[in-house]
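This document starts with one chain, in the form predicted alone, laid out as C-alpha cells.
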C-alpha cells in the first residue's frame, strides 16, 4: 500500500508538472470559466462578397474552445482602410481588438498610445512568446522604436510561392536545350523563340518570346546585376544600406541589358501595359515562351490553359533564377502582411490579450489553416489531405473561415502544397526556396524619419520609375543622360533617405541580436 501510495504521488506530481508545462507553453483552455465572456473585434470580412465570416464554423469552434464569444465588427476589405482609418483617428468607441488598416510602420497609431504594450503581458501570452522566440526576424520587425512590441502579426510565406521564372517546356524541349541559368543563355533562347515556329502552326512570326508584366522586371533581372530593385533599399553583407536605382555602375548595366532586349524585340513594345489576363490568353493559344509570376500560377493558371494538361506533367514550369555577374536570386516578401492590436482604452484588456494569444496558438492556427478532420480534411497514409469539396466549392470552403482574413493567421506552405500537383510542389522545392533572398525588412520609423520619408520618397520613386521606362525604351539615352539622372537623385535627397534607412536597419539588426 505504501508503494502504491508513493507511485500515486509520483504520478500526480508528474501530471501536475505536465499541466504546468502545458499552461506555460500553450495556455490553459478555456480562457475563462465566466459565462457569457466576450471580447469585441474590428476586422476585415471575406474577400468574397457572398461570404460573411461573423458566423464561420471554424471561427465559432475557436470561440467555443476558448469559452469567449467574439462580438464582430467586420468590414468589406475593399473599403477597410478608408473606413477604419477615420475611426482610429477619432479614437472613440473602439473595440477591444483591432485589425489595423496597415502595418503602422510610420507609428501613426503607436505614437498616440492607442495600443497596449503586448511585451508587458508575455506572462499570459505563452503562445505569442513562443512564436516570437521561433521567428526572430518577425520579432525584430515588430519591435518599435521604444523597444516594445505592440502588435500580433498576420504573416505570409516568404521563401516559397513567390514570383519566379516560368518557361514553356514543350518549346524548350523542341529546341533540345536546357532551361537557361545565365543571362547570355536566356537571351539566346529568346532569339530562337522569336525566329522559329515554336507552336508548329506554320507561322514563324506569331511567337512572342517573353510575356511579362512591367512590375516583375526588377524581380526577374535585378539580382543578376547585384540589385534588389524590389525592396528598393537593401543592406549588403556588411550591413551597409544602398538604394538600388542609385547604384551607378550596376543599375546602368541593368538598364542597358533591358534596352538591348527591347531593341531586339525580345521585350515587347507594349510591356508597360501588359496584364495577367493577356498573358493567360497567350498561353491558351500557345503564343509565348516565358513569363514571370507567382509560382502558384504554374499549374493553377498557366499550365491549365493547355487542353493536353492532365496534372501529371507541367507545361509552364518554374526554373532557377538567372545569374549574371552576380548569382541569381528570388526576392521574397516581407513576412508581416497585417497586424492586430489591443485597445489600451479597453475595459477588458486581460481577456482580450489572452484571446489574441490563443488565436496565435498552434491549435488555433491549425484550425483555420486546415479546418477539422472529416469536415475539411482526412488523413491518408499519415498525411492530411483536403476533402474534394474544399477545392471544388471555393465559397463553401472560404465560408468556413479557412485562411480567414479577419484573423492573425500564419500562412502555411504545407497546407498550400496539398492543393497542388506533385510536379508543381517538386518544382517549387527545386527552384524556389534554395534561391530565396530576404527583402529589406519592415521597420518602424521615428517621427523625424517619417518627416524625411514623406517629404522625399514618393517623388523619388515616381522619378525613378519614369526614367527606367525612358531608358529601357530608348526615349532617353543611357550613355548621354544617365549621369544627369544620378545627379537628379542627389538633388531629390536620395542620400538623406539612405541615411534614414541605414538608421532603421541598424535598429533592426540590434533587435535581432
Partner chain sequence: MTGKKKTLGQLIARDKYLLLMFLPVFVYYIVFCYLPMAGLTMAFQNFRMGSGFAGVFTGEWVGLRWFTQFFSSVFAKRLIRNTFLLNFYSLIFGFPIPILFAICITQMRQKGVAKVAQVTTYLPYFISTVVVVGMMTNFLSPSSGIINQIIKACGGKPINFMGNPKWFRRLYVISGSWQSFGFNSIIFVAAIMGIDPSLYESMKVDGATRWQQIIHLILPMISNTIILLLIMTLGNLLNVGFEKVYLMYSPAVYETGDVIATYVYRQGIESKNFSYASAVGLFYSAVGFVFVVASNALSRRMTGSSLW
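For clarity, a rigid core is taken as the largest C-alpha set superposing within 1.5 Å between two forms. Small disclaimer: the values here were computed from a predicted structure and weren't measured. Numbering follows the first chain given and starts at 1.
The form predicted together with the partner chain exists for this protein as well; it is not shown, and the discussion that follows is about that form.
Interface residue among 465, 52, 34, 28, judged by heavy atoms within 4.5 Å of the partner chain in the predicted complex: 465. Checked against the partner chain in the predicted complex, the residues 422, 203, 82, 362 give one hit for a heavy atom within 4.5 Å, which is 82. Heavy atoms of residue 91 reach within 4.5 Å of the partner chain in the predicted complex, making it an interface residue.
The partner chain in the predicted complex comes within 4.5 Å of a heavy atom belonging to residue 475. Using a 4.5 Å cutoff between non-hydrogen atoms, residue 498 does not count as a contact of the partner chain in the predicted complex. Using a 4.5 angstroms limit between non-hydrogen atoms, residue 109 touches the partner chain in the predicted complex. The stretch among 368-376, 263-271, 184-192, 159-167 whose residues place heavy atoms within 4.5 Å of the partner chain in the predicted complex is 263-271. Once both forms are fitted on their rigid core, the CA atom of residue 87 lies 2 Å or more apart between this form and the one not shown. With the core held fixed between this form and the one not shown, residue 344 has its Cα displaced by at least 2 Å.
The Cα position of residue 101 differs by 2 Å or more between this form and the one not shown after fitting on the rigid core.
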